[in-house]
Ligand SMILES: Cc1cc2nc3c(=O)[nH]c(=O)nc-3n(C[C@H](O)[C@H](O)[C@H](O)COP(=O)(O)O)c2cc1C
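The chain that follows stands alone, in the form predicted on its own, written as structure tokens.
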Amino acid sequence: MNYPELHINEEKCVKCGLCVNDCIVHCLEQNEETKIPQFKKYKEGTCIKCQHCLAICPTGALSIWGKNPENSEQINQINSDELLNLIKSRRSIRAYKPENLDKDRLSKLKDMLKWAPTGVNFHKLHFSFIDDKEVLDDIRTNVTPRLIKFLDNTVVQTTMGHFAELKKPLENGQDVIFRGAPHMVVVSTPTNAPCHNIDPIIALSYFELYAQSLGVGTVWCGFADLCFRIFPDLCSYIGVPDGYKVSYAMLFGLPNVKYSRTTQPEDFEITSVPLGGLRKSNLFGNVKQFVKNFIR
């Protein structure tokens, strides 16, 4: 097991204890005499590399895991109205220009992903990027005839609902799976990841909003995701590591459509929780909800 190296610049350290208080696994303490932060005895191995201690230090006195504060960026206050407008204006793009993204934007999109949060900082997501339109064209050419044959099965037609309706459009040459997109990112996760069903979705949510800010369109592609489950050799094609499973796929590229304004969606149901609600619960209701929580 690798243990973290903790370095404190004692000339800069103001002994405020912020790093100790913000350590989510409580592996830090202040030395009783000097008040300088240090690892608790035998607790180094519990560090999850979140770097909260590095980020919170007001004077930049703390380095850990070989990460130095001078290599971090200062935090800037952003305009909340502009961020909200970005969220409001995001659309699922299903019409793309038949050209590759420039390398600069591709590089920025990939680099951003390391900041997507994961459960207990389990930083082992894998992202398979289709950087070149010709690669996705090759996947299209491979998948389409196999999918038509798969959808020709009577059992599939009666059990797979809307997915089974794709057979005719596919036979007519419509790219109803990959939407003519030049690029795709497929996220996979280790089967033992603590939050395997949530982390990939968080990462792609970050990805699509950052893509929007770069003028890049995206669409969550459940049909493509299903293709990876039906045809496991596609997982090998895109380099999904052993011990990993595909979680979801997102298409992206330069949009071939322009939206002029935001939409006006209906409100979700929102409940403000009152004090004392736990005292009103009953055994039957609790059992019923417990079953619902685990059955979908």
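From 1 onward, residues are counted along the sequence shown. None of these values were measured; they are calculated from a predicted model.
This protein has a second form, the form predicted in complex with this ligand, left out of what is shown; the following refers to that one.
The partner is absent here, but in the predicted complex a heavy atom of C221, alone among L109, A203, V216, C221, sits within 4.5 Å of this ligand. Note on contacts: among R90, K133, K167, H196, the single residue with a heavy atom within 4.5 Å of this ligand in the predicted complex is R90. Contact annotation: R94 falls within 4.5 Å of this ligand in the predicted complex, judged by heavy atom distances. Interface membership of Y248, defined by any non-hydrogen atom within 4.5 Å of this ligand in the predicted complex, is confirmed.
Among heavy atoms of R179, some come within 4.5 Å of this ligand in the predicted complex. Residues placing heavy atoms within 4.5 Å of this ligand in the predicted complex fall in a single listed stretch, namely 222 to 230, out of 134 to 142, 67 to 75, 222 to 230, 109 to 117.
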